[in-house]
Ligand SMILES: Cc1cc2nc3c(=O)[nH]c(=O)nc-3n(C[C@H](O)[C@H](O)[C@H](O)COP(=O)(O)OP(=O)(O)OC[C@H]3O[C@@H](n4cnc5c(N)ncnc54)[C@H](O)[C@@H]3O)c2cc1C
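Coming up is one lone chain in structure tokens, specifically the form predicted on its own.
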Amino acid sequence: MDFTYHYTKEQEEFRQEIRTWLERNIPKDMRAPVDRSALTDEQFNFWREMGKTLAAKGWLYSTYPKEYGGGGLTGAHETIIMEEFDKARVIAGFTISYVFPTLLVWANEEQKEKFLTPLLKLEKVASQLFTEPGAGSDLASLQSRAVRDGDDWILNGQKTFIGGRAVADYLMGLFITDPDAPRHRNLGLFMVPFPSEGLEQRRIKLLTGNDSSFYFLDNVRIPGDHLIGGDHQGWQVAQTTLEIEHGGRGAAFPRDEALENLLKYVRQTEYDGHTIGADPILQQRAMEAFIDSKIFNLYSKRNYWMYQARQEMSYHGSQSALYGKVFRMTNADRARDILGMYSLLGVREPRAPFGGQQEVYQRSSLTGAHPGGTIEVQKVIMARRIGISRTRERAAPTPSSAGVSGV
């Protein structure tokens, strides 16, 4: 049985159009480095401008509606674009992608024109203000406040681990709007303009680089029309963001570059007259890494198909997120078993295999266990949705289940 996906003639012509354009317009020295924290200012500025060109061609946010600045293309087109972007090491977009589904589902038409359109065209950039010093895994315990003042809102609080190297024009965040209301019914979600008086950004240097920030809000005043949804609906609005972040959209053909390089190393590296793949123990470790990666690949494909087919999803996104977080850490351990100390050589080391990609993977596999809900959070979500928890819940609305265009 042939499990290979076969593209149509028209789809292959579309692929060739993208590939040719990228070859002609992207200089080799502008392609994304192996370690994204090594991105130079020149490369950053190049992609910040090139992104506008890609957006205008409909390739940057390809499935979002044309009337808001998207490409209006199909999921198949998006898959081809992502495959070619990945091969060409394109840096595609600067806005945290989870912002778009939330605005598409919950924003009114005026807000979509004000926020969504410039973001899709890359005229503006947005980040996501969720985590706080005392509220991460238990997001509903956040403390930042929003107080109504006439038609405006006054925001106070702290937000941390906010990703994105680009300086954001908008920060999409949760704030308590009613401290007397029940938990999950006391929040509002706001688009906070940056810069704003009283809003301070401080960069944080983490294991994966310096593209994370701490934000401090001291009596930040924002207009009333920057509230997305109702002033007590913030938790429900944010769940659309988290549904996608937890894996609810999936991916048609997720690429595992770390696995590809690991298998190359096993097949090509020689020791004592044989490739190390001849060692039965290392061979077994490589096979385990391959199998786990392919299982995650199947979860991602299933979720992508369900999302594109507008099927109701339940535990599926968190199942994929949970498996992905665990298998990446496990495969990082296997890579250390196979490559030994070579797996810890960074991009500046001349003897680092694959330009230091494996060392980057070692760090990212650890930090990747936390964003978008920890391993324990994913387990709780799954338990609630399959009926083995004290509480029950359904998946939040997404562009797919809400029936809006732009899946």
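Don't overthink the numbering: it's just position in the shown sequence, from 1. It should be emphasised that the depicted structure is a prediction, and the values quoted were computed from it without experimental measurement.
Unshown form predicted together with the named molecule; subsequent notes refer to it.
Asks: Hey, in the predicted complex, does residue 129 get a heavy atom within 4.5 angstroms of the named molecule?
Replies: Heavy-atom contact with the named molecule at 4.5 Å: present for residue 129.
Asks: Within 4.5 Å, heavy atoms only: does residue 374 come near the named molecule in the predicted complex?
Replies: Heavy-atom contact with the named molecule at 4.5 Å: present for residue 374.
Asks: Should residue 96 be classed as touching the named molecule in the predicted complex when contacts are defined as heavy atoms within 4.5 Å?
Replies: It does: once the named molecule is placed as it appears in the predicted complex, residue 96 has a heavy atom within 4.5 Å of it.
Asks: Check whether residue 367 has any heavy atom within 4.5 Å of a heavy atom of the named molecule in the predicted complex, and answer yes or no.
Replies: Yes, residue 367 sits close enough to the named molecule in the predicted complex that at least one of its heavy atoms falls within 4.5 Å.
Asks: Can you check 69-77, 266-274, 156-164, 232-240 and let me know which stretch has heavy atoms within 4.5 Å of the named molecule in the predicted complex?
Replies: This holds for exactly one stretch, 156-164.
Asks: Given that the named molecule is left out here, which of 196, 137, 283, 143 has a heavy atom within 4.5 Å of it in the predicted complex?
Replies: Contact residue from the list: 137.
Asks: Give me the residue from 34, 380, 30, 352 that has a heavy atom within 4.5 Å of the named molecule in the predicted complex.
Replies: Partner contact (heavy atom, 4.5 Å) among the options: 380.
Asks: If you apply a 4.5 angstroms heavy atom cut-off, which residues in 185-209 are near the named molecule in the predicted complex?
Replies: The stretch touches the partner through 206 alone.
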